[in-house]
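So this first bit is one chain, no partners, the form predicted on its own, shown in structure tokens.
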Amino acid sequence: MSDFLARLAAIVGPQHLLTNDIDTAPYTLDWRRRYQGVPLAVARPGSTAKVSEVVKLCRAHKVAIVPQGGNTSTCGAATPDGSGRQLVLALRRLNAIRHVDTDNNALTVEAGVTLLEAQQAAEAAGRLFPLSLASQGTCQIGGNLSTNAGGVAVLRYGTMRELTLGLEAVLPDGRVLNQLQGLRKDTTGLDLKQLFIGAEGQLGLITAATLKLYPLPSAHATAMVGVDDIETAIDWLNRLRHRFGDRLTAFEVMDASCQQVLRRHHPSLMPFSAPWLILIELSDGGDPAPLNDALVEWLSVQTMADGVVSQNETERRKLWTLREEISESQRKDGPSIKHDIAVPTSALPRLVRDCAADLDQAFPGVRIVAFGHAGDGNLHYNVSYTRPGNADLFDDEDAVNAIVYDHVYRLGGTLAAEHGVGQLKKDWLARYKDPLALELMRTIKAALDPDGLMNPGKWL
């Protein structure tokens, strides 16, 4: 193994091969602090060509690779196991903005570019890259692609699948697939980029992508409104879509427990209190005043428990800060059994009502913190209390998951909407995923990665 490490150092540079525990520590623990690994080493290549050389070397020595971007995974997808035999391949040094094509509304970036850097590159060119996540200052484009990230603007712009025109990827044998063309139409066979989007690094390593850009909105209208129940929220969603069309960019919800968590950790930012809060945002070109007036006019004839419409960019950012601080506030609040679930939006009220009733029957007094992207049916449905003292929370995890996922799949939903599967949900995926679909995915995995060296121990 010393020969392998020496050859690896020659490829990436000695300063970019980390082997001691102090240097590798930031790469071995997942964001939620649930998974702790022991890597053989951490390699930080600086180009696609170097990634290719590393992969070829690993294949020759039968060394497994765990790709890692910003290490913001909530399901252990980028964490090595405890064997000390897996190489963490950190991609942050692949951080070039390769090309901005404003005429084609396209942006080509490398996988280690953070989401915020991609947004800023687009904005500097007078364009919008619309993916928006709370972790955007840390998460990287490669990771966003590998989990098919969604975020708060999916309602209008779609997930990373819809936002990607082309990919560059290093295959498990080290060859480089270059399909970075910025085309919106191409019927020359299979759309191969879709194999790698959402695959969590198990079919190859994404090293660059060509992403869709949009006109930069000059007008926003943003409101935080309280309503009595989730049924009312979904009714509002449908009527807002009818009134404003694709100008409805975001529609987020927060239940009462979620508001309590925010109030505990951000009392000055959280003046609202309602059974459910809705964060609504419209966006468009032109003068913001007519858009804001139209939203105020629509809201003026609705029944609501509480509400405010932002009057300037500072107020708008305060409303979004509340939404973006939920995950970190919940982490400070203590452990929780997290679910990144999605059902058809029409089924959200039934899910919320029936699942809570079954959980409360199994665990009297259970506390559920629910929030998320109701506009696309994606709810972050987290259980943070099952028994007095909360000491046995994770002892109840399997029972809680079974209740939640049974309801989700009964309603035609999924257990992984935008965070991926990773280590956390792989056994549950085997239980709920269509067996033929799993068989086909494993067939593709075996064809591309016959040695099983690409991010092993995850959902495939």
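Numbering starts at 1 and runs along the sequence shown. None of the values given here were measured: they were computed from a predicted structure.
Missing here is the form predicted in complex with another copy of the chain; even so, the following discussion is about that form.
For the residues D293, E313, D191, D358, the 4.5 Å heavy atom test against another copy of the chain in the predicted bound form is passed only by D191. Residue N238 is the only one of N95, Q120, N238, Q302 with a heavy atom lying within 4.5 Å of another copy of the chain in the predicted bound form. Stretch-level contact check against another copy of the chain in the predicted bound form with heavy atoms at 4.5 Å: of 419-427, 25-33, 61-69, 392-400, the positive one is 419-427. Using a 4.5 Å cut-off to another copy of the chain in the predicted bound form, not one of T74, D354 and R431 places a heavy atom inside that distance. Within 4.5 Å of any heavy atom of another copy of the chain in the predicted bound form lies no heavy atom of P80.
In the predicted bound form, at least one heavy atom of V154 sits within 4.5 Å of a heavy atom of another copy of the chain. At the 4.5 Å threshold, heavy atoms of D255 stay clear of another copy of the chain in the predicted bound form, well away from it. At the 4.5 Å threshold, heavy atoms of P130 stay clear of another copy of the chain in the predicted bound form, well away from it. Along 324-346, a non-hydrogen atom within 4.5 Å of another copy of the chain in the predicted bound form is carried by A342, V343, P344, T345, S346, in order along the sequence.
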